[in-house]
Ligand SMILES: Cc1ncc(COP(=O)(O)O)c(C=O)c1O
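One chain comes next, on its own, written out as structure tokens in the form predicted alone.
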């Protein structure tokens, strides 16, 4: 089957509206770090490396130093179990092309970052969706914060989806766009289901490290299961979207070799400057993430303190991880029309639910990781109250 490159609704929407936006309320990212900030985290030895860096081609697999640093996040894995890419999306594309063939059955959770469903479908697989459920509220979270409901993964429905056979399960926790997370018992059940089906288990873990309670961080799938593939990135947990370093972690080195063969027709190798920046970031990951967690907590408090005043215009579902949520707009308001008018009237861009394949169309992705979020959120709340 020929290579297929799907055109994604999310990218189309952003391309059509970015120019008109003066502020963004749907960014799935933290406040971007500057190059100067990264230099301040570097040691004298690292700074000397930077200033003397030869702008040559990098190793096609990624440097041994960086792959070794990444592998320390995956118990039982070594540098040879890690393969670097120019960003997580390239890694995702190569992983699916290395493991999915026409006629396969793939089960993926929704709502979803669209490539997680679109790429297997483009490769000729039958893609079945298992949809996150909403739990009721109010309830009290582990942090003591009052919530208004949350998203739950229906692990009990997995057995029904496995009937008739499945070749690959696709999961994403911490989840984009909802901010949902699962516990270790649910993760273990998912691994057991994959094992019973002898299926690949692809796990998008790019927001790993941004759990709102650090005790809820899960072991990576690649460490738990021989046919597990973990997708990682330096960008999401560190505010480094411009550093294009993503990776696959897997016990199966043959699948990594197949992914590498595909990558040779794409980026070939990572950027040497990005490798240096990623190395500094990962060596200082705990410091960088700790600062971001404080900001995220303040922003969630701001949201939850506003919900009651909105009088049903916003159904808030509390995230457990990451820097995004997926709230619902009240029944009397069409989210697509709201997004259009909000952009025109206030210059604020939100991304409606139809950009994330699911049943939940009247939702939107809410990003709360940028420093200007309090001002933009206050503006949004004011607009929604007047709408």
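Because the structure is predicted, anything quoted here is derived from the model rather than measured. Residue numbers count along the first chain shown, from 1.
Not on display, but discussed next: the form predicted together with this ligand.
With this ligand omitted here, the record of contacts in the predicted complex names 171-179 of 306-314, 284-292, 171-179, 158-166, defined by a heavy atom within 4.5 Å. Within 4.5 Å of this ligand in the predicted complex, a heavy atom is found for not a single one of 71, 247 and 275. Among 269, 235, 127, 132, the residue placing a heavy atom within 4.5 Å of this ligand in the predicted complex is 235.
Among 113, 193, 225, 153, the residue placing a heavy atom within 4.5 Å of this ligand in the predicted complex is 113. Although the partner is absent from this view, residue 83 stays clear of this ligand in the predicted complex, with no non-hydrogen atom inside 4.5 angstroms.
At the 4.5 Å threshold, heavy atoms of residue 108 stay clear of this ligand in the predicted complex, well away from it. With a 4.5 Å cutoff on heavy atoms, residue 89 counts as touching this ligand in the predicted complex.
By the criterion of a heavy atom within 4.5 Å, residue 221 is excluded from the residues contacting this ligand in the predicted complex. Although this ligand is not shown here, in the predicted complex the stretch 302-326 places no heavy atom of any residue within 4.5 Å of it.
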